[in-house]
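Two forms, one protein chain; structure tokens for each follow separately as structure 1 and structure 2.
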Structure 1
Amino acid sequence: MTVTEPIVVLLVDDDHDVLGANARYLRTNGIEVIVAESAQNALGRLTEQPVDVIVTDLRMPNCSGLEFAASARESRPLIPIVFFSGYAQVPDVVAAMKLGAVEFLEKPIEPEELLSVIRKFRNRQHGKTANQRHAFDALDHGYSLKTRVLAYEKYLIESCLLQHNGDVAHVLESLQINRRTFNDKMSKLGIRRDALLAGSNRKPID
């Protein structure tokens, strides 16, 4: 039986009590949770740590969930984003969908419903390479060229890592890039070598 690496969720909410309660519930159900109490804090977390799914409140002081999502899309163009709100209007929902929201939940969130939504993405981790290639080929409506190029770049790096069993030296040679550029791209595109290889039942070569 293959052990699946826990999915990593960035949970963003300015309500400390709700944030803590939801984080604890998800963690007790095998989800790795990174918490952020503001959009600014969340953007910092997103650049510092690998994240598979973003779950964010729509209405927050200083920077709304929509503004945060737009900024997050600059560095992580294809990351799934789940919005929640207790005061959403139709224009808010439309704007969220335009930013690629995969779910829109009503606040207060039922923890079981949130867990169910997040678990949808667990099974997708094993097919990420194919999905990224499909994103470049098919997402020509509503996605910018930059987004599609980043998706294809991620596909190339992940494919190369799999082809060389995670041997970074061979990947650098194959892609004709230096290690610093490679590391920057890995961070920017949210690629985790160990998770990628684990999903394909391969062991990294150090």
Structure 2
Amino acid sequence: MTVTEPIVVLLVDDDHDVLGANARYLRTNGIEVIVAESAQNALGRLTEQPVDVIVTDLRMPNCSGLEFAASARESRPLIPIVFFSGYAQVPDVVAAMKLGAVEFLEKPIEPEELLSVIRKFRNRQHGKTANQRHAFDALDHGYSLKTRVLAYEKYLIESCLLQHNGDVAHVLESLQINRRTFNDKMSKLGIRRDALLAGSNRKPID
């Protein structure tokens, strides 16, 4: 018997009713849904527990989905983010995609489509964003050199880990780093090997 860990989705929407309806649909299809009705709330949730995919409205009071996504990317540089919006303007979509969105859905959302998008991108967790070049775009302002270099280093290590199925010894060889250094970087960069592997390449449990 194979037990698959549920996909954890952070669903952000200031419309209470729509939020509830979508959450319900996803839950009945085996998705673990964390809901948030504001960007502030969502950011808090993000630090509390591991999330596989973020799905957020673009337009929300106080803090827009774009601002929220930018903040979220600080701690999770490569998490798949799906935006949705009604009446989206071209510049909105462009900005969202530049921020590394993997998908942009138009309201009203078809629940089936949302589900399929989530399942599709869950496996890409920590992988490439739709437009990987933008994830480390040199022209994105606001972060220090150190921050950005560390984010890239984190990305490389995570990718390498995934590529080698969590086999640390191979990662060390591939990246040519010391095991001790690797361990230190893991904790310093906040990489959790088990959580990372839980997403993409799970072994069956009997």
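If you superpose the two forms and keep the largest set of C-alpha atoms that fall within 1.5 Å, you have the rigid core. What you see is a predicted model, and the numbers here were worked out from it, not measured in a lab. The first residue in the sequence of structure 1 is number 1, and each one after it adds one.
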query	finding
Assignment: the form predicted alone	1
Large Cα move at Leu19 between structure 1 and structure 2, threshold 2 Å, rigid core	no
Rigid-core frame, C-alpha of Asp57, shift of 2 angstroms or more between structure 1 and structure 2	no
Once the two forms are fitted on their core, CA shift of Glu158 between structure 1 and structure 2 in Å	6.9
After superposing on the core, C-alpha shift for Asn183 between structure 1 and structure 2 in angstrom	11.9
